[in-house]
Every structure is written in C-alpha cells, then in structure tokens.
Ligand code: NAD
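Before any questions on how it binds or moves, here is one chain, the form predicted on its own, in structure tokens.
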Amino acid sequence: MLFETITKTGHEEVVFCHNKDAGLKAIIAIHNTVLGPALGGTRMWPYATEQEALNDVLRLSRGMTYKAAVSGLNLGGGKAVIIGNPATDKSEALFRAFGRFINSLNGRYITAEDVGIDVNDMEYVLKETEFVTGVHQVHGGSGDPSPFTAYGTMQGLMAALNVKFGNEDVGKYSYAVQGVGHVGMEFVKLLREQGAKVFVTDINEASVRRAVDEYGCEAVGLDEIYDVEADIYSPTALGGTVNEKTLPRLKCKIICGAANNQLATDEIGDELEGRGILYAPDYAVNAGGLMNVSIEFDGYNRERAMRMMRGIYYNLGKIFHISKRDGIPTYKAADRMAEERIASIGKIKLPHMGNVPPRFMGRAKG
C-alpha cells in the first residue's frame, strides 16, 4: 500500500525517523531531485494519525518540487513533518535526533523551518548537520523566512490585481486574510502599509488581537472569514481552505495567499475558473521564503534575495499567460510550466545523488 502510494505521487524516497528516548516521530519525503537537492521546511504538528502526517508530507514535498521548478531554482522538492505539539513537545534532544536523520541523507534533503518550527529549533538541528537553511544570521543564514515569503506574496498579488483589475493599487481593495501566524502577520503589515482594508482570523486569539491593535485590522470568526465581503481571499495558514463547502460562500474576485495546497481538489480549481475567480497558484506565490534560503548556498545577500523575489511577479504573469493561451485553469498552467522545466533539465541531468551545493561541501557533521 505504501509503495503504491509513493509510486502514484512520484516520490523518490520516504524516510521514517524514530527515536524513542527523544520522543521523535518524523517523516522526511524526497519527491524529486532532478533539478538539485530537495529543499523544504520541517513542520511540527499534532497530527491525529500517522497516516494524516504521511499524507501531509507527501503532498507538501511534491508542492516544493513544483515551487522550485516554477521559480527557476536549481533545487528539488522535499519536506519533513515531526508529529507532536509544538507548544509542549519540543526539546533539544528531539531536534538533535532529527538532525542526525537529516545528516544521514548526505545532502539529498536540506531542511528549513516551517509551521510550528522557529529559528531556535533549527539551532539544535544545526548541531547535528550542516544541511539546514534559514538559520540565524550569526551562522551565515538568512534568519526567519516569513518576511520574505510575505514580500513574495505581495509580488504575486500585484500580478493578479493587474490581470483582474488592470492596476496594481493594493490599497484600493479589501482582503480576507485567513491566518495571521509569522507569514500572515507580515503580509497583513504590508497590506496595511498600503492602506488596504483587512479582515483577519486565526485559531490563535493573541495573534488576532495583535493584528487588530498594531495594524488596524478587523477581526472575524474562524468560519466567518469565508462570508466576508472582500475583493481578495488570502489563505495564509494551513491548506485546503478552498473546498466544496467554502467556495460557494466566497465573494472574492481573486484568491492569492501564502498557504500551501490551498485548493482541496483539482475540481475546485476548475470551479474557480468557471466562477470567474482568479486563482494565483499557491506555490508560485509563496516561493519567496524558498528563494531567500536558496541564496545561502552561495553566501547570503539580502539585496540579491529581494531582487530574486520580485521575479515572482513575472512568474505569475507567465502562468496567467499560459492559462489564457492554452485555455486551462491557472493551477494547471502553473503545473505545466513547472513540469516542462523539470522535463527539459531532466534530459541533461541524472537525479541528484549527493552533489551538494558549495556551502555544504565537506562540512557535514559525522
């Protein structure tokens, strides 16, 4: 059953990591390394079942392959999940044990932070392996990727506004932002700097209060966010919020946010097209964090990172062009753009088997 699932999703390798003493239960999924080593964050989440964790990591790692490909990066797709409550289950031993598993892959998978993980957690992982990005600046890293993901999301938003409304006046429109965690809060900050009307919701009440008190947003209930009269719906938390139950309630003209796997099914993407709602494909929009940490390989430079992220605007423009040209929904256009690049490079490269970027050469811990 497991191998059948991996065959269907096209994954190269799935590693189950267990250390009883440290309380570690984790899964690392390497989807594709044709373009380069698999880079993707580690997520810590209290999954209800191990199957749920597996489904999530397989879906997320595949998304990273497409994100890297459509962004023009020489990276493959991978992801990791740690099963546990990030509020109560973290420890030095847990993250160091996890770092040892990453190190055993010899550079085929390079990690970074994701939901439930912060820079401090990555410090422990770094003690056991060099195959970590997004670490603190004192280690030559770029730090928290959230501001960069938010900035890249803004570039994608402007491209979508230009296609839908013929302008890029962010402040002219209203936004329903679902999730104000690290990335969501940074995105809200950028929207409010432009004078936009912003509605917010989140399971964390403290984050909602901060968005209201510091940035002047309007709070709504977790379920009410789908009924808000807003021009743009921006999912910035977990995936699957655009589904058969929520879609009929959305009143937006554009869906553009930083969350991964925003569409519950492909059929939902088709339905969006039929309803005239412009969908800015998630993995093309939220690639700013990935772009930012990828620059660490050659020595981090913030100005270079910001320039690279402005390319998200043009990538979205290409996707919208392919969608119109080929008469297909935007989510299919993004996939087509990514798959064509992987196929063309795949003809001249063998799958990545450990030729790590220069930054990591000879530096892995034993």
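Rigid core: the largest C-alpha set superposing within 1.5 Å between the two forms. Bear in mind the structure is a predicted one, so any value in this text is a computation, not a measurement. We number the residues from 1 along the sequence you see.
As for the form predicted together with the ligand, it is not shown, yet the points below apply to it.
- The candidate site formed by 178, 184 and 260 is fully in contact with the ligand in the model of the complex, as each residue has a non-hydrogen atom within 4.5 angstroms of it.
- Interface residue among 87, 206, 222, 93 relative to the ligand in the model of the complex, by the heavy atom within 4.5 Å criterion: 222.
- For the options 237, 211, 232, 122, the one in contact with the ligand in the model of the complex, meaning a heavy atom within 4.5 Å, is 237.
- Note on the interface: of 96-104, 237-245, 77-85, 158-166, the segment with non-hydrogen atoms within 4.5 angstroms of the ligand in the model of the complex is 237-245.
- With a 4.5 Å cutoff on heavy atoms, residue 31 does not count as touching the ligand in the model of the complex; it lies far away.
- Though the partner is left out of this view, residue 111 does not reach within 4.5 Å of the ligand in the model of the complex, counting heavy atoms only.
- Taking non-hydrogen atoms only, residue 145 approaches the ligand to within 4.5 angstroms in the model of the complex.
- Using a 4.5 angstroms threshold between heavy atoms, residue 286 counts as touching the ligand in the model of the complex.
- In the model of the complex, the ligand lies within 4.5 angstroms of a heavy atom of only one residue of 60-95, namely 67.
- When two forms of a protein are overlaid on their rigid core, residues whose CA moves 2 Å or more are considered shifted, and residue 282 is not one of them between this form and the one not shown.
- With the core held fixed, residue 296 shows a CA shift below 2 Å between this form and the one not shown.
- Once the rigid core is overlaid between this form and the one not shown, residue 114 counts among the residues whose Cα shifts by 2 Å or more.
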